[in-house]
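Given next, in structure tokens, is a single chain: the form predicted alone.
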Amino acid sequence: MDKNKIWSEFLKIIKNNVSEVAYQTWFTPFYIHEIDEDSSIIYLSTKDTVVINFIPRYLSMCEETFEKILNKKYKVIAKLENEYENRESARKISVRKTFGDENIFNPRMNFSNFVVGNNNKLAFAASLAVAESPSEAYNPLFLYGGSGLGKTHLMQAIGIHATLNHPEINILYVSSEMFTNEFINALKENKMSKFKNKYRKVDILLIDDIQFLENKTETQEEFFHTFNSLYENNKQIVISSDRPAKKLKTLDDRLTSRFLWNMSADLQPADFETRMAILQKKAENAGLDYTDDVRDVCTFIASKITDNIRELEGTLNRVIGASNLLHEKIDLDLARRALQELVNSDENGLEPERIKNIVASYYGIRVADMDSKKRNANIAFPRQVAIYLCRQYTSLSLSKIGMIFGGRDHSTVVHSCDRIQKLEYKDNSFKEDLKILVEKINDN
């Protein structure tokens, strides 16, 4: 099969279906890296980091076009050239299903690309243990945390690692929404035995966003029996949720109690140091040299995006994209122009990370300590001071401030502000400390 001829034919068809600008910008930088007939996958490659971030919107068009040319359905995966250099990391990871179709994990979502910090250390360790020894480490494993904190990354990493190290086992990765839709279709088409075989014959079931089963009584009942069948047969179950199991109020108690049978691990918003590490890794994966200018951009983004890792990475992608499109070097000036809404969102207040850094330095603790669950006085008091100053000198809401300090609730923020405010009035020594901190903040 001549890849060049196929690609040439592909480009002819695409050119007639999109604008000239879209054709030149998003399609011509690619070429076919490999056609995997066994897995029915076509791998596209490019050097351009910008088009990699935009091509997903055209993937369905690409798949339809290749089907016209080859009279066969192919899944299209697009990656940067350097991602193919290490054959092991670029290896196609397929998920065996009892229906016989194939699902593909995103090879970028592996354990080596997951940045570990105090906010996710337990969840990472438990996930790796499960991937290394399915059904022997933690079963079930229940991962929970807010949107964009890395739950899906860990779920996919488990699947990738387990497939590489246990190629003989069957793995199924689905969302609870997909489980629901397939259950409804099976009922309508009288194919329940086929549905049950699919879900109850796997060795590892990874089910994402279990909260979407709330208020779906029949689907919950079916998942309850699926869970029992897998567990009784010593099969690994991994579940993710946007909140702790006990807070899934409209989910059957029989299910939530089972979710807590073994390991439950949460993912919290990343502290400043972890956000910087994530951005540095992202920059290096994009082929950037980690210069002072790039570090300044990462610091700027990390101080603005505090509670969503997905948004954190997407924001850096926007700066990289602006750099390529405008042919300008990546620096703080470019970042401020490319991310104007972030600049405007806090133009009347100071950056909370700056306040945290100043207070932490003054009291001789680490910024990460403020985000931790430690309650000893030498950490709790500076944390309260920083919370109070963030309330006074930024426009952030109580809940937002709580999220910045390790996911604390708004009542904790209120208590901290009340305590520091009272202390300011009656303790002259502390009032002087506070005055020095405010001066440092204003100087910065």
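Here the structure is a predicted model, which is why all the values come from computation and not from measurement. Throughout, we count residues from 1 along the sequence that is shown.
The following text describes the form predicted together with a small molecule, which does not appear among the structures shown.
| message | Heavy atoms within 4.5 Å of the small molecule in the predicted bound form: which stretch in 248 to 256, 193 to 201, 307 to 315, 286 to 294 meets that? | response | Going through the listed ranges, the match is 307 to 315.
| field | Contact residue in the predicted bound form, from Y231, F114, F212, Y362 (heavy atom within 4.5 Å of the small molecule) | value | Among Y231, F114, F212, Y362, a heavy atom within 4.5 Å of the small molecule in the predicted bound form occurs only for F114.
| Position in contact with the small molecule when the complex is considered in the predicted bound form, options M109, L122, V174, A322, heavy atoms within 4.5 Å | Contact check passes for M109.
| message | T152 versus the small molecule, in the predicted bound form: is there a non-hydrogen atom within 4.5 Å? | response | Yes.
| field | Proximity of K356 to the small molecule in the predicted bound form, heavy atoms at 4.5 Å | value | Contact check for K356: no, nothing within 4.5 Å of the small molecule in the predicted bound form.
| request: Find out whether any non-hydrogen atom of S147 is located within 4.5 angstroms of the small molecule in the predicted bound form, and reply yes or no. | output: S147: yes, in contact with the small molecule in the predicted bound form.
| query | Is there any non-hydrogen atom of A335 lying within 4.5 Å of the small molecule in the predicted bound form? | reply | Although the small molecule is absent here, A335 would stay clear of it in the predicted bound form, with no heavy atoms inside 4.5 Å.
| Closer or farther: how do the Cα atoms of N53 and S175 compare in the predicted bound form relative to this form, given a change of at least 3 Å? | Distance between the C-alphas of N53 and S175: longer in the predicted bound form, by 3 Å or more.
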